[in-house]
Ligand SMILES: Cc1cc2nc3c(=O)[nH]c(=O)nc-3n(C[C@H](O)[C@H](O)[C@H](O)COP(=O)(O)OP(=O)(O)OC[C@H]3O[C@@H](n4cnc5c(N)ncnc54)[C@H](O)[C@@H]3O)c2cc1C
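Quick setup: one chain, the form predicted alone, written in C-alpha cells, and binding and motion questions come after.
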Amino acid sequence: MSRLLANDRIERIKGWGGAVASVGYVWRPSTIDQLLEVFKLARESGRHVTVRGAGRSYGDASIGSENIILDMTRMNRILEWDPTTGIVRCEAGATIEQLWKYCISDGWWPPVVSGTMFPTLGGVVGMNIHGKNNFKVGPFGEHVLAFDIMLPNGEIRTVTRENDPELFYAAVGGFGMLGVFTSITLQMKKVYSGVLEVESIVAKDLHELFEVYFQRIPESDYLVGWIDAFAKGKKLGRSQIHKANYLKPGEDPNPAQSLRVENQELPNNILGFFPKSVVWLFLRPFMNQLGMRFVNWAKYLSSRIAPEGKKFKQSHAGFAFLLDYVPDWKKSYGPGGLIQYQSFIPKETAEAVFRKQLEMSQASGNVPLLAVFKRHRPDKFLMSHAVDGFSLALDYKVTESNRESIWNLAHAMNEVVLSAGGRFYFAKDATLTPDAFRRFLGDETIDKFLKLKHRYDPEHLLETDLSKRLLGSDPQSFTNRTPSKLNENAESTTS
C-alpha cells in the first residue's frame, strides 16, 4: 500500500504569470539529507517530484499536479567566494539578488541576468536563462564552471563540461528532468564601476529596429528593444531601444561608491514619495487593450521628444531588473494573469515572422500589452532555445473570455515560427503542443534527451506539468518508443 501524504502539505501553486496552476504537496528541505527523504517519500507514496525554485517561470515549468513539490528556496547559502578570480559557489536556492549583492562591492557582477533578480540559481541553470547581452556572452550556462546534481537515486555528482560533457550540456536547460542541482559554481563578470552608460534610440518601424540592431551590436554590451505592439501600417514595430556599455577602468571617478549595494538598490517610492508596493493597483485600470494602447503611444511619444542619442548613467541593478521596479506588477493583469509567448527566429527570417506575429495578434483582437525584442546567438546546450537571430517576447492578458482565443493564436503563431526554423523557451511557455515541441527540437535531440532521462531517472520520479504536456506521463514510455509514438502519448495526456 502506498504511503499517504499529510493534507497540511497541500498547496495551490501557480506559474508566475498566474494563468496556469495546480495543487501539490509541498516540501521545503534545507539539507541534503532532507532532499534524500523527499525522494524516499516519493517512492513510498507513488508520487512524482517537481523541482521548484522561486517559481518565476511564467507557465507550468515549476508546478506539478498532485506531485510532491520540492521547493529549494531554503537551500540558499553562498558557499565559497574568491574576490580575486570572481569564482563563486552557491547552493541552488540562492537567488540572483543574493548573488549580486554579495559580490558587487568587490567589483563583480553576474555575467547574465534575467529581467528580475528573484529567480534561484538552480532555476536559472535548469532553464538556461538569457539576458539583454545574449548576442555577446551567450546564456547563463556558458558561465557555469561546475554544478553538483543529485540524481533521483540519491547519488550526487560534480559535473563540469570537461568531466561529463553529455550530462553538463543536457542538465543545463534540461528543465529539471535529470536531477536536482544542489550547488552551482559560476564565473562572475569583472566590472570597474557600479553604473553603465545607457543610450536611448528610437526606431520608427520594425525594419528600422532591425537596422539599428545590426548597426549597434558590435559596439554594445547590452541591447534591448521595446515595441509598441498596437502600432499598425507604416508604424508597425515602432520601438524604443536601450543600448548599454560597461565603464572601462578609470572612467568612474569614484567606483568604490558606485559599487556599494545601497547605490544599486531600486527606489522604494515612485516620484520620491509614492509607495511602489501599491502601484500595481493603479496600473490595473490601464491593463487592457484601450488603456495599454494609450500607454504604448505615450511611451513612444516621450521617446521621440527626448534628444536623439540621449546618454545617461544607470546602475547595473536599475538597468537589468526593470521588472522589479513595480513589486507584484503581474497582479495588475487581474485574476486571469498573463502568458508570455516568446519565439526565437533566425536572423534571415526574423523580421517577416515578427511582422506576421504582430499582425496576427492585432487581427485576433489580442494585442500583447508588452513586447520585448532581443538579439541572440546559438549555443551547444542540448535543449537550447537559442538561434543566430532574434527573439520577440509578447505578454498577453488572460481572461475567461479570451483564454481560448489566445491559445488558438499561440498555436497559429507556432506554425509561422516552425516554418521559419524558429525555437521556443520552456521558462516562458504555457501553450506549446507536443507536435511543436518535437518539430522545433527534432527527433534526434528528443531521443537523446529521453535516453539520458532513462539513464539518470529510470523510475521517472522527476516530472512537471510542462513535461507531462510535452512528453507524456507514462513512466514506461521513456524507453524504446519512436518519435511518432512519443507524440501520440504526449497528445493523449493533454487532450
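Numbering starts at 1 and follows the sequence shown. Computed from a predicted model, the values in this text were never measured in an experiment.
As for the form predicted together with the named molecule, it is not shown, yet the points below apply to it.
Using a 4.5 Å heavy atom cut-off, which residue among 469, 56, 453, 47 comes into contact with the named molecule in the predicted complex?
After the contact test, the surviving option is 56.
Could you work out which of 374, 238, 423, 397 is the residue within 4.5 angstroms of the named molecule in the predicted complex, going by heavy atoms?
Only one listed residue qualifies here, and that residue is 374.
Might residue 193 be said to contact the named molecule in the predicted complex, defining contact as any heavy atom within 4.5 Å?
Residue 193 lies outside the contact set for the named molecule.
Using a 4.5 Å heavy atom cut-off, state whether residue 25 contacts the named molecule in the predicted complex.
Residue-level check for residue 25: no, no contact with the named molecule.
Is the gap between residue 67 and the named molecule in the predicted complex 4.5 Å or less for some heavy atom pair?
Residue 67 lies outside the contact set for the named molecule.
Can you tell me whether residue 210 touches the named molecule? I mean in the predicted complex, with a 4.5 angstroms heavy atom cut-off.
Although the named molecule is absent here, residue 210 would stay clear of it in the predicted complex, with no heavy atoms inside 4.5 Å.
In the predicted complex, do 103, 187 and 259 all reach within 4.5 Å of the named molecule through at least one heavy atom apiece?
No, none of 103, 187 and 259 comes within 4.5 Å of the named molecule in the predicted complex.
Of 247-255, 79-87, 398-406, 172-180, which is the one stretch near the named molecule in the predicted complex, taking non-hydrogen atoms within 4.5 angstroms as near?
So the stretch in question is 172-180.
Would you mind checking 195-212 for residues with a heavy atom within 4.5 Å of the named molecule in the predicted complex?
Read in sequence order, no residue approaches the named molecule (within 4.5 Å, in the predicted complex).
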